[in-house]
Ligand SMILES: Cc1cc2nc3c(=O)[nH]c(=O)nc-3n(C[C@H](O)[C@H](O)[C@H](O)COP(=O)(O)OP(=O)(O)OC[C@H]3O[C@@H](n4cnc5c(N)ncnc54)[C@H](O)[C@@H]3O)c2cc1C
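What follows is one chain in C-alpha cells, specifically the form predicted on its own.
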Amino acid sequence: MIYRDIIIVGGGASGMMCAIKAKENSPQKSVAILEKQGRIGRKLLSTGNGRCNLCNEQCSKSDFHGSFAEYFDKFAENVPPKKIIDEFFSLGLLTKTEAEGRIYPISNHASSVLDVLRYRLEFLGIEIICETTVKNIKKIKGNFEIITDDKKFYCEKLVIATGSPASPKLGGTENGLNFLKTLGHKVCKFYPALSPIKVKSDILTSLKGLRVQGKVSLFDGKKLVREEKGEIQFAEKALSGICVFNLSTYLNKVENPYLKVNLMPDFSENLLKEILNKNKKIFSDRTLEDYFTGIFQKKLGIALFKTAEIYPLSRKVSSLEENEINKLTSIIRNWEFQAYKDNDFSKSQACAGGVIGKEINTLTMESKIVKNLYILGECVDIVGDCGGYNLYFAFASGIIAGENL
C-alpha cells in the first residue's frame, strides 16, 4: 500500500498548478501526481502553436460555455487573470500581452511555461509518478483507493485533473469522467470543441491551405446560432481558423448545421457590385481566371466561378452578364456549406462536457457529492473560446483547489 496525503491524477496544466499550490499551502503534507504519459505537461507544449497562450487579460462569462459558466463570475473573483500572471512571475516566467489580450511567455516558447512549473514541482519535492495508468478509484473508509496496473495508492484527498479526449495523440482521454461517474457525479458527455468543422464540398480540395479574412456564421436550419469574424482557413474537407474553432463549440447542439462564409464582410452588397463591375471593365480582355485580380487569390476566384456554375473559364471577362455578377456577389457574401457533426477528437484543441457545474463548489473546486474530491480543468463542464481562456481556467481551477486542499 502506498499512502500520500494528496494525490492528483493527471499531470497537465491544472494538475501541476494544483500540486504546487497544495504543497506551498501545506508543506507538511505529502503530494503526488500520477501521470499516464512518460512525462508531465505534454499537451501544454502544443498549445498556442507551440507558444502557449496561457491566459487572457480579459476573461468574462461570455467567453465560456457549459453548465459551470453560470458560476464563472464568482469563480473569477478569486482568481482573476492578473493572479495567473503574478503566479507565473513568481515562478520566474516573464509574459507579454498581444492582440485581443492574449498572454504569451516572452520567450515565445511553450517549453518555458512547462519548465518553470516542472522546476517548482522538483524544488518542493512533489512526487511525480509517470507511466502510471489508473484503472479504478474507490472511496473506502474515508480514504480514496486508486488502483493502477500494478499498485494501489491511498490518499485522504483526491484531485481529478485528467483532461479530456481532445488531442488523443498527446494523451487525451475521457477516463477521468468515467471515474467521476462511478463516484456518483452527473456528467455531460464530452464532444469536440475548438476544432475544424467538416463540410460537404468538392471544391475545397483546390483551396487546401488557403487563408482569408472574413466572417463565418453558423446556422441551425434558417436560425442563426452565432457568427465570428477573423481568419478562415480552407482544408480539404473542412473549414478551419480561430473563428471556425469558436463556432465548433456550438455544433453538437445544432440539428441541421450549415455555415455561411462572407469573404468581404466590410463591403455592402451595392459596393461589392460596383467593384465587380469595375473589374469587368479593367480586365475586359482577360479570361475569367483573372477576373478577381486585386481582390482574391486566383484559385479562390476559380472556386467562386465553379460554385456559381459560370463556365468556361476561358471566356473573356467582358462576356460576364449582369445576372452572373449578381450571382457572384451573392456567393461572396453568403457562400454556403452544409456542415456535419462528428466525434473526431484528433484535431480538437479542447472538449465541451464534464461534471455539471452545480455539483462543484465554485470557491474550492471540491465536489459537493463526494467529500475531499476535487475536480479541475477539462473535467468540469466548461469550455472557453480561443484566446487563452481554457488554459486560464485550467490554471485558475488548479490554484483554487490547491489553496483549499
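Don't overthink the numbering: it's just position in the shown sequence, from 1. Predicted model only: the values in this text are computed from it and were never measured.
What comes next is about the form predicted together with the named molecule, which does not appear here.
- Using a 4.5 angstroms threshold between heavy atoms, residue 246 stays clear of the named molecule in the predicted complex.
- Not displayed here, the named molecule is kept clear of residue 113 by more than 4.5 Å at the level of heavy atoms in the predicted complex.
- With a 4.5 Å cutoff on heavy atoms, residue 66 does not count as touching the named molecule in the predicted complex; it lies far away.
- When the named molecule is considered in the predicted complex, residue 373 lies well away from it, no heavy atom lying within 4.5 Å.
- None of 36, 61, 29, 341 but one reaches within 4.5 angstroms of the named molecule in the predicted complex through a heavy atom, and that residue is 36.
- Listed stretches are 210-218, 224-232, 320-328, 165-173; the contact stretch with the named molecule in the predicted complex is 165-173, by a heavy atom cutoff of 4.5 Å.
- Residues are counted as partner-facing when one of their heavy atoms sits within 4.5 Å of the named molecule in the predicted complex; in 123-138 these are 132, 133, 134, in sequence order.
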